[in-house]
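In the form predicted on its own, a lone chain appears below as structure tokens.
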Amino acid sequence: MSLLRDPLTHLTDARERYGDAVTFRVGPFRFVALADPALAQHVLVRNHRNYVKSRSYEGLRLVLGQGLVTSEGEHWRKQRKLAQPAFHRQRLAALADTMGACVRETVDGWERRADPAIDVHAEMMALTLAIVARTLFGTDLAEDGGTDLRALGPAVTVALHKANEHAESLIRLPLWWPTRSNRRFAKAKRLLDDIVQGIIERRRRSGEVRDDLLGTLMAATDEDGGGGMSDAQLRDEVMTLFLAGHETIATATSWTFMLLHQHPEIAARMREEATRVLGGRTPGFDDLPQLPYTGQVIDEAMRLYPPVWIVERQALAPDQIGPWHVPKGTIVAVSPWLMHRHPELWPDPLRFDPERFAPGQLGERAKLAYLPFGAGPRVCIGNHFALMEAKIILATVVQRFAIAVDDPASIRLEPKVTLRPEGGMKGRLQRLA
């Protein structure tokens, strides 16, 4: 079916032909794609209680279990409340220096490379994995766990591809069935489980009580009266935050470097801002407000290439969305990809223009015309964490390197769980004088 083979093209063509609410039949399921901010607000905000995660999220549950991304109801509310303090502003301020140290180590490593050829996406995956491990879980995977972060990326890819394959399959073979896909997934999942369990066990052996996210989650397992988490719940939350905490921003920064390569005048302006504000050093938390153009670049890159390109919900009861009746069980998809490139919402929508996010422009946009992190009660818990991380990465890198991406026009979009560059993103490091 073309919707599954090439969803971006199929959804775009359908919106252009039929409008901002299009109904499809996917096997036995009724599927409605929305590209209108008001309709999106109805589903994600105003009547969100009538919608739960669609069956597509069953694929992610193979990897993440019942973590924040996949859980529902009271379990989700309890876990969200528990994790939320770790992402408050004062906590983020304390994490900025750790993020900066991780970025600095990566860029220092680039300085020592004899071969300038890199896979940009693989480098960003390794860097963001290191950042999430140190900032949220207080561990250095390379030193404490002996993990090759660049080798870990393929395991994440296999796991997420299996999640997507499971989500799209109308007939789902059991995981114990000895197919090549199942064998590869089992190997990748064992590796990821071993890493997550190692993070937990090293903390337990240390006897340390730390005021980080892992410490908060582990303290909850020791509560009496059934109020804490089981070991399985702890594993699911750590796995969710470990994977979700790096995947989207690794993808977002990869696309941003590609766009900067394609638009050298924008890269030059961003480099000038970073050099003027930072003078060659890594930004700290207090520097970030002084880098507004860098933030605009990130926002515009996520408009064109939203890491979460589609958000699916399933109706618990019949509903009325605008003039359309939606029967119980309908899968309703809000697509940032469609809305971020909608010509009635964004003039000249395919042009890369960070000025769209300049101060004063917000009032010109429809609410929810831009939603790279979702909206409503289930908006991404780590959105501010991710934006701070992206700004620190970009402001550090552009002062020391330009990244030339090989043949950007040939890079294929891979709209699976996130919007990745299919097969990676080959490029070359160019040292700046």
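Since this is a predicted model, take the numbers as computed values, not measurements. In case it trips you up, residue 1 is the first one in the sequence shown, and so on.
Another form, the form predicted together with a small molecule, is not on view; read the next lines as being about it.
Comment: the small molecule is not present in this chain, but in the model of the complex one of V26, V379, V45, A38 has a heavy atom within 4.5 Å of it, namely V379. Proximity to the small molecule in the model of the complex, defined as a heavy atom within 4.5 Å, holds among L68, V405, M388, L62 only for L68. The small molecule in the model of the complex is not approached by R400, whose heavy atoms all lie more than 4.5 angstroms from it. Not displayed here, the small molecule is approached by T248 to within 4.5 Å at the level of heavy atoms in the model of the complex. Interface membership of T240, defined by any non-hydrogen atom within 4.5 Å of the small molecule in the model of the complex, is confirmed. F373 belongs to the set of residues with a heavy atom inside 4.5 Å of the small molecule in the model of the complex.
With the partner omitted here, the stretch from 310-318, 352-360, 107-115, 184-192 that lies within 4.5 Å of the small molecule by heavy atoms in the model of the complex is 310-318. Not one of A133, F285 and Y293 places a heavy atom within 4.5 Å of the small molecule in the model of the complex.
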